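Here we start with a single chain on its own, the form predicted on its own, put down as structure tokens.
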Amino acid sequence: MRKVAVIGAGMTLFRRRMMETGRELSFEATRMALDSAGMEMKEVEGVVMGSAPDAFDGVHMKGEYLLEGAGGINRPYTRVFVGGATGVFVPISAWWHVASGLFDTCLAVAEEKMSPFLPHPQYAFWTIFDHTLERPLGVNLLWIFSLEMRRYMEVHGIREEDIALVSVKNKGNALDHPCSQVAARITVDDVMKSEPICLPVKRLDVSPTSDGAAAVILASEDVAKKYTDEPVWIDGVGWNVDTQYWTNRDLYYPEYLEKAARMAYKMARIENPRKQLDFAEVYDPFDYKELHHLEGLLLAEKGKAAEMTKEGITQRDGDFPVNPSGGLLGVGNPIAAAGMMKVCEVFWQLRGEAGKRQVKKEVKRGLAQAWGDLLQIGTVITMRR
């Protein structure tokens, strides 16, 4: 198995109701990634595309529709989709194409245009629930996430105010991100007084509906060194899928994520992730999910992630920065592109190219993670200088 490096990254603005089409967003992210790597499209041997349900872009066969904008003309092209976990699974798929020796270079692109699906993308998600047991309840994702948040709080005795600190941190971090959609200086009181959606979930506990795209270029070791003196190596990948029947699981702990993380850690020879990793870009569509995922990633003990946040450990200048970019809560959440954004952010942090978002301490190793479908899929990548 060959060593694989990320040598370029690009990301569009994240916004609601962007005028650009999905093809145009994919093209913009691809062009930025190519420029970052110092490459032209003719030097890319294969393309992996990631995007969520076709309904979001308002077209059928979205993989084929996006092919031209993502550079898939006249070269091998694949679309992968594992819900919200897609953004990290796309570079994982590109990784195995290069690590196996099939390609020397591979472009990984993730795009989402959620605005066309009106009045709200949650209507598309109704179709993923069991038609007999769950749809008659009128359930949607916000509804079941509120159950998960409540269960997590009850098991560990965590207060809503402690969870709200995540939203305060991430929206504040996003003020330094040039692509951010909902960056803001807010307080815990602002979160607590924001509009109830499905208690305990409130408006400022949740990331926004977004359009956007992001992309990275992967290359084998010998090819990477032709383009850059600062390759960022992918040293561990992991993924895991649990049952879709979320009612049969205890939602207080993301076991699927622990299994995905252990797979990545074994590959990367990480035995103590809290000590061997320097920072993490954790999937945070809700503020409680950052805490939930930190525990599933074994970066915090069960029930202790809220204490880490309260003590400032996860701040950008803390001992273990988490989502120094601003995450989904601050930058935005175009489903597939959101996870890819996290891979881009790890790349920029490790290269010292994150600008005002750069963490204060020296970083040599980072992690990107995404989560999706019916609280069931975890995807993880570890990267190092």
Partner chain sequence: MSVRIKDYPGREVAIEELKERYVAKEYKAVLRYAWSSGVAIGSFLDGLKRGIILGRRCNKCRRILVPPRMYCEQCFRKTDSWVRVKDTGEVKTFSISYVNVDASRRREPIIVAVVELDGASKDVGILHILGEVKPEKVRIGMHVKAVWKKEEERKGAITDILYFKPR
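Numbering follows the first chain given and starts at 1. Fair warning: this is a prediction, and the values are worked out from it, not measured in the lab.
Keep in mind that the form predicted in complex with the partner chain is not shown, yet the notes after this line are about it.
- Within 4.5 Å of any heavy atom of the partner chain in the model of the complex lies no heavy atom of Ser220.
- The partner chain in the model of the complex comes within 4.5 Å of no heavy atom belonging to Lys289.
- Taking non-hydrogen atoms only, Lys169 never approaches the partner chain to within 4.5 angstroms in the model of the complex.
- Heavy atoms of Leu137 reach within 4.5 Å of the partner chain in the model of the complex, making it an interface residue.
- Comment: 193-201 is the region of 93-101, 193-201, 260-268, 232-240 lying near the partner chain in the model of the complex, near meaning a non-hydrogen atom within 4.5 Å.
- The partner is absent here, but in the model of the complex a heavy atom of Glu154, alone among Glu161, Glu154, Glu255, Glu311, sits within 4.5 Å of the partner chain.
- When contacts are defined as a non-hydrogen atom within 4.5 Å, all of Thr12, His131 and Arg249 contact the partner chain in the model of the complex.
- Shown without its partner, the chain has Ala9, Met11, Thr12, Leu13, Arg15, Arg16, Arg17, Met18, Met19, Glu20, Glu28, Met32 in segment 3-38 as residues with a non-hydrogen atom within 4.5 angstroms of the partner chain in the model of the complex.
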